[in-house]
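Single chain ahead, written as C-alpha cells, the form predicted on its own.
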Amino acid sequence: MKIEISEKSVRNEIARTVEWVSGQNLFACYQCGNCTAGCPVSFAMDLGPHQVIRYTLLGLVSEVLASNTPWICASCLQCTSRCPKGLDIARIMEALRTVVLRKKERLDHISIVDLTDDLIDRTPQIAFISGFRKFLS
C-alpha cells in the first residue's frame, strides 16, 4: 500500500474532529508504544492504540473507522497513565467511537430488549452503563 503524506492528509477531517471532541493533540504522540504495551485488552485489538493515532494522522481513515480498537477499549486509563506526553488516549478512543456513531444513521450495537434475564442477573451494572455509553448514539 502506498501512502502519500501531505498536510491535507495529515490534517484530515477525522483527525481534526477527534482532536476537537477529545481535546487532545494527536501530534503529541511520538509512537513510543507505552499505551499499547500497558493495555490489558490490546491482545484483542486489531490495531494498538498508538497505531490508531498514527493511522488517523496518516489519513488512513477507513482503516481507523473500521478498527475494533475503540470499541474494545476498556477506558481503564492504563494507557493514559503510561503516556510520557500526557495524552488521554482513552478520551481519544471515546472520540473515535463518537465519530463512528455520528457517521452512521442511528447505529445501535446493543438492543436492550434482546438482553436475557439471565444475562442481566449475571452482569455487573457498570458493564451495562459502559456498554450503553459506548454503543448507543
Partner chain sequence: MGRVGVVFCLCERLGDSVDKKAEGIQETIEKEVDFNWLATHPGVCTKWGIDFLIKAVREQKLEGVVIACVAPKSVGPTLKKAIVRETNGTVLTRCIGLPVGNPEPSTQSETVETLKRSLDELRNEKSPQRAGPSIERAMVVGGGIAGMTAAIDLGNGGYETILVDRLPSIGGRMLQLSETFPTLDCAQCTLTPKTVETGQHPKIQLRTYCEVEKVEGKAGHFTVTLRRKAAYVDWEKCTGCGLCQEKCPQKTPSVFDRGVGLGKAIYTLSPQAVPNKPVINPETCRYLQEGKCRVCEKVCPVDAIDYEQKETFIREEVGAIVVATGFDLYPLSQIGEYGSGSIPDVVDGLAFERLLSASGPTTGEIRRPSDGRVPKEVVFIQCTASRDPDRYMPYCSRVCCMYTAKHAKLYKHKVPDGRAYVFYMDIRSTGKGYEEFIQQGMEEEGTCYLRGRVSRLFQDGEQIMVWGVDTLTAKRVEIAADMVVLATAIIPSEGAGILAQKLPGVETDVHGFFTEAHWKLYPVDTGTDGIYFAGCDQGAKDIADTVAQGSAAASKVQALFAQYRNETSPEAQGQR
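Worth saying up front: this structure is predicted, and the values here are computed from it rather than measured. Numbering follows the first chain given and starts at 1.
FYI, the form predicted together with the partner chain isn't displayed, but the following is about it.
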Residue-level contact is defined here as any heavy atom of the residue lying within 4.5 Å of the partner chain in the model of the complex; does C39 satisfy this criterion?
yes
At the 4.5 Å heavy atom threshold, is S67 in contact with the partner chain in the model of the complex?
no
Residue-level question: is C83 within 4.5 Å of the partner chain in the model of the complex, judged on heavy atoms?
yes
Taking the partner chain as it sits in the model of the complex, is L101 in contact with it (heavy atom to heavy atom, 4.5 Å or less)?
no
